[in-house]
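For this one, two forms of the same chain are given in structure tokens, first as structure 1 and then as structure 2.
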Structure 1
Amino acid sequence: MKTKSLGSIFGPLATVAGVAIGHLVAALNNNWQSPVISLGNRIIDHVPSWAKKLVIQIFGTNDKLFLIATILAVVFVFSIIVGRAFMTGKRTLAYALIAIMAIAASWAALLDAQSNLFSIIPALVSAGVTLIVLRWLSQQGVSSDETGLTFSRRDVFKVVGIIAAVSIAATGAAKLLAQKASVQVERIKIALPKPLKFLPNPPVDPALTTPGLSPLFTPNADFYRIDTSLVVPNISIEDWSLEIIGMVANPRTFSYAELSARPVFELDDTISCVSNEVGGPLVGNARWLGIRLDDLIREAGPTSDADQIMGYSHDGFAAGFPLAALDGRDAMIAIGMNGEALPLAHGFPARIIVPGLYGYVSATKWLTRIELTRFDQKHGYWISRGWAERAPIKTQSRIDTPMDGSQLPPGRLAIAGVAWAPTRGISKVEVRIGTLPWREATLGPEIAKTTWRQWWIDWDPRKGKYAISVRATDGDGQLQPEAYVPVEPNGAEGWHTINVEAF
């Protein structure tokens, strides 16, 4: 194999080794990030709102995986250019391109939350390893006066194997270090405090007898995750604290032990992402355990002109909601979810839950600070990107089964789904099949006004094609609007409709 072709192989090989070693180095310190993650964080910070909305619509909860894959694809193309330049004698150009990559990654690292000057070390190590490996690869061939440096297929397989082994070992070691440094074991050992009064045990779940219907409570492993963090933070409860600052008379700081020693209560609540399209999956119901937020804010003593509660995440995200939302609706600092300590992906050690508000203004995960402020002085992450300041969850209903596009076999079946209007509840759900009149559905148990309700009807379809629609009426008697409204700036509206064919 000749020199011109080698650059397209050696450039990516050297870059893979550099990224892997940089990832390993980043795992040595909880406040350092892999260069790829730091670059991804900056893209998230600056990507237009319409682009993020589009990615979520297409990829859903895989939006972060898509972003990382895109970054790696760009780095791969860049590395081919570097490799070809290096192997064809244009080494000054190759050095300059590697330097540009190092500067970009270092800049991204310095802007990460919890960063300091030493946060650039993983980026610099990645660049240095890339250069060292590239130089080493260029010395492994056989010189020829006529063709320059040449490699046999055996030589190429050998170096590919060596680099692959080193990269896999480095990535594996980084994962082990992250697991060792993570709080997963610590979290599992946590004994959650007992509420003064337990909520009643849930009723028998209708989903057990209706295949395809969403369960009454969404299992933690299936609960949707939408946030701006590419990597789930590992926060030890020994290092964690919660500050309440800003426009307050009595600033407070709590350790995890101090916070969890306070009285706790249980809350059944459905939360939803504002990016959830009509009929979308970005909604879930859970039984939360936590500390009353209104008690904490009352003790801090907000000043008379404060009107916003801003929550700050460990990763730098901020979300603010009205102080007036602490109106007795059981807003909490949650530390438990469905009978266990908060999963890492859902905000461990603590997050905010405010019934009736979309998560982009209220549900701050990995919570480290609460600030009392004003809407005319500070904006949360998404508000400055064009989304609405006030974000009550709209009445929505969804058909879970049958699925859109289904081909239905002969026989009786169930049309079923869920509807939600947190804090208002659901009083009625209706289903329309084709041009037939609306039918009122059977409602599942109402465990709280803050949760979704399951619904279903029986149907024995005749052969043909059908459009099936659903609409809900909330507990205040307000019918869910029919006209479609897009998710931006304050949540989608419209009746969920599917198309099926019966044989």
Structure 2
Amino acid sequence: MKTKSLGSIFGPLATVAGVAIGHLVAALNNNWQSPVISLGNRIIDHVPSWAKKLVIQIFGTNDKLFLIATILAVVFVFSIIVGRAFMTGKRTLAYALIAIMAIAASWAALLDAQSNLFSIIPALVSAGVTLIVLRWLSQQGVSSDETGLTFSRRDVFKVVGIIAAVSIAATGAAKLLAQKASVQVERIKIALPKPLKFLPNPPVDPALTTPGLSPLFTPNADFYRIDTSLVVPNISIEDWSLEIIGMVANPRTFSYAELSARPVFELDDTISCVSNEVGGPLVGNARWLGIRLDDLIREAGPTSDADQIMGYSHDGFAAGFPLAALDGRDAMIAIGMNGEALPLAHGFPARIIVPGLYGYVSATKWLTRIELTRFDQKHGYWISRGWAERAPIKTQSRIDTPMDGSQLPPGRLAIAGVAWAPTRGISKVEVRIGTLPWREATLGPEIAKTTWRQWWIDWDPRKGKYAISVRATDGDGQLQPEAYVPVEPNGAEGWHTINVEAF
């Protein structure tokens, strides 16, 4: 085998070992991150929004998987170049390329939230291991005659290399999983505090008798997830604390025990992502349990010129909303969701929920700090990326069933869906089938003005093709606008329309 071709094998093999060991080393310390993840985080921070949109359009919520696969592919190609350079005597070039990777990964690590100077250790270890393994592999090669390695020998160390790499990667992954499992166990054991007054039990859910209609409460496992975090942060309540700082008279830090010992209350609230397209899935309704934010902020004593509350997360995200939004609308620091401690993916151990505001300007997950500040001084994560600084949730309505493009068997069926306009509530939903006049839909129970409302109508279609549209009127009597408006910069507008064919 030619030494150059050997380089194409040795480079990637050595790199796999390097990356796997870096991964393993990263698992040893909470402030360290696998180099691949750090690089991914920087790409997420800097990728232009058109590219991000394209990726989300193609891959949906698998966008993160796609990103990691892309990084690994680039590293793979890079490692082939390194291997070939190394094996053809251009060692300085190979060293320089590895050094560039090490510097890039170190830079990425230093910009991670929770990083310190030592956070570059996984990146350096990765580069070091890659180099050592590459040298070792090349020595195995040189020890045979000039024509290359004998077949059996090559096979032997290929196998050794692959086995070593796979086992190392597995160890690293196991380590990370073990950490996650321990926080999972801790979370399951949490006994949530009881509210002074429980909200009434939810009414019978109309979704039980209308297949395809969204349930009144979205089960945690089905709740949409949107965040910039490549890996879900695993935060032990032992290590967690919440600071309230900035333009306040009495800055304070709460432990989890201190915070959850305060009076808690329940809130039924629908949250939505500003990126939810007309008719889109990025919305859900939950019964949240939490501590009243108004009380915490009042105790902290904001200075008279503070006008923004900024929530910061463990992973470096930030979302800010008006101090004036604490107007009795039941903003909270949520620790419970639908009767359980917050799921890890939804912000364990604590997040902010502000009824009526899109998630990106309010709902900081993995919350660790609240800062009283000013809109003209600090901006949340998405604001410099082109999204509006103030973003109340717009009135939206969605047809859940039948599905767009479906073919309907003969007979009576329900057209049904949900409509939401927190904190205004929904007063009317209308449906238009084809060119027929608008029909008023039956509305499901209104459990709160902050939650969505289910709606439905009966329909016995004659054969034909139909466009079906829905529109909602909010609790203030405002009709949802018809004209389409894209999600950027402050949320989509327009009537959801589907096309079906009846037989």
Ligand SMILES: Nc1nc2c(c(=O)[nH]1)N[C@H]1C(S)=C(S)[C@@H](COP(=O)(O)O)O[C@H]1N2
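The structure presented is a predicted model; accordingly, all values stated were derived computationally and were not measured. If you superpose the two forms and keep the largest set of C-alpha atoms that fall within 1.5 Å, you have the rigid core. Every residue number counts along structure 1's sequence, beginning with 1.
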{"query": "Answer for which single form is the form predicted alone", "finding": "1"}
{"query": "Core-aligned CA displacement of N62 at least 2 Å between structure 1 and structure 2", "finding": "yes"}
{"query": "C-alpha of R42 moved at least 2 Å between structure 1 and structure 2 on rigid core", "finding": "no"}
{"query": "A51 C-alpha moves between structure 1 and structure 2 by 2 Å or more, core aligned", "finding": "yes"}
{"query": "Cα shift between structure 1 and structure 2 at G11, which is computed once both forms share a superposed rigid core (Å)", "finding": "4.2"}
